[in-house]
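Below you'll find only one chain, the form predicted on its own, shown as structure tokens.
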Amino acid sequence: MRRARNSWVLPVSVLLALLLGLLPLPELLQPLRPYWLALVVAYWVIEGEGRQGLGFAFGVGLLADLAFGSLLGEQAMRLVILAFILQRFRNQLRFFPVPQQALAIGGLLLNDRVVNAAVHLAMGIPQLPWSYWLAPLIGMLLWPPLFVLLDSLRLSRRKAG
């Protein structure tokens, strides 16, 4: 018997991640902003029913590029790289305990920073200050509560109406 899934969780989580990415922060906290979209895409690639993959990551990345006004395709490419690695190791990651998943997610977010720095270097855009390299650590720390929240929302029973 299959449990009823809440189909609204995916679009709402992506929308909230976009909004959290756009939320203005004080200058001091700006470098610590986690890459919310990467966390949400990572959750859906790992725990989704196999339908959220590279196309999903690319679409979300394009939306983010348009919303943030960044170089068109930059976030799409970064999220596709993240989703590709996650899909490759999806079966292993699904059976990791959440703290071990958090370490893997932290490594992927660090990889994302390297890709971001390479894109900036290739485009001649000035590099971000060293403090921006702390954001993957924040993302890693946020993974367990985000995973539990999205899992509980996704798997909660619908109320009989």
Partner chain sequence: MSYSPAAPRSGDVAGTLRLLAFLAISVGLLVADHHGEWLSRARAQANVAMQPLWWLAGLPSRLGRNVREDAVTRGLLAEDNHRLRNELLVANARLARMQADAAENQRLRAMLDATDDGRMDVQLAPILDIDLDPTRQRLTLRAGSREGVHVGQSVIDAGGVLGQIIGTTPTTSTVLLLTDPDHAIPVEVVRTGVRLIVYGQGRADLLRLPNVPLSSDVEPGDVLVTSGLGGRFPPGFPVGRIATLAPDDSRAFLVGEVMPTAQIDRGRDVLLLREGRGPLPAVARRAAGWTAVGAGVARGGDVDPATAAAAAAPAAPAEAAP
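Values in this document were obtained by computation on a predicted structure and should not be read as measured data. Residue numbers count along the first chain shown, from 1.
From this point on, the text means the form predicted in complex with the partner chain, which you will not see here.
Note to self: Would you classify residue 27 as touching the partner chain in the model of the complex, given a 4.5 Å non-hydrogen atom cut-off?
What the structure shows: Although the partner chain is absent here, residue 27 would stay clear of it in the model of the complex, with no heavy atoms inside 4.5 Å.
Next item on the list: Report yes if any heavy atom of residue 86 sits within 4.5 Å of a heavy atom of the partner chain in the model of the complex; otherwise report no.
Entry: Looking in the model of the complex, residue contacts with the partner chain do not include residue 86, since no heavy atom lies within 4.5 Å.
Notebook entry, point to check: Though only this chain appears here, would residue 142 touch the partner chain in the model of the complex if you measure heavy atom gaps against 4.5 Å?
Noted result: Contact check for residue 142: no, nothing within 4.5 Å of the partner chain in the model of the complex.
Check: Is residue 111 one of the residues lying within 4.5 Å of the partner chain in the model of the complex, judged by heavy atom distances?
Finding: So residue 111 does not count as contacting the partner chain.
Check: Based on heavy atom distances of at most 4.5 Å to the partner chain in the model of the complex, which listed stretch, 35-43, 53-61, 103-111, 128-136, is the contact stretch?
Finding: Flagged stretch: 53-61.
Next item on the list: Check, residue by residue, if 73, 81 and 119 all come within 4.5 Å of the partner chain in the model of the complex, counting heavy atoms only.
Entry: Looking in the model of the complex, the three residues 73, 81 and 119 all sit within 4.5 Å of the partner chain (heavy atoms).
Check: Since the partner is left out here, which residues of 83-107 would have a heavy atom within 4.5 Å of the partner chain in the model of the complex?
Finding: Heavy-atom contacts to the partner chain in the model of the complex: 84, 88, 91, 94, 95.
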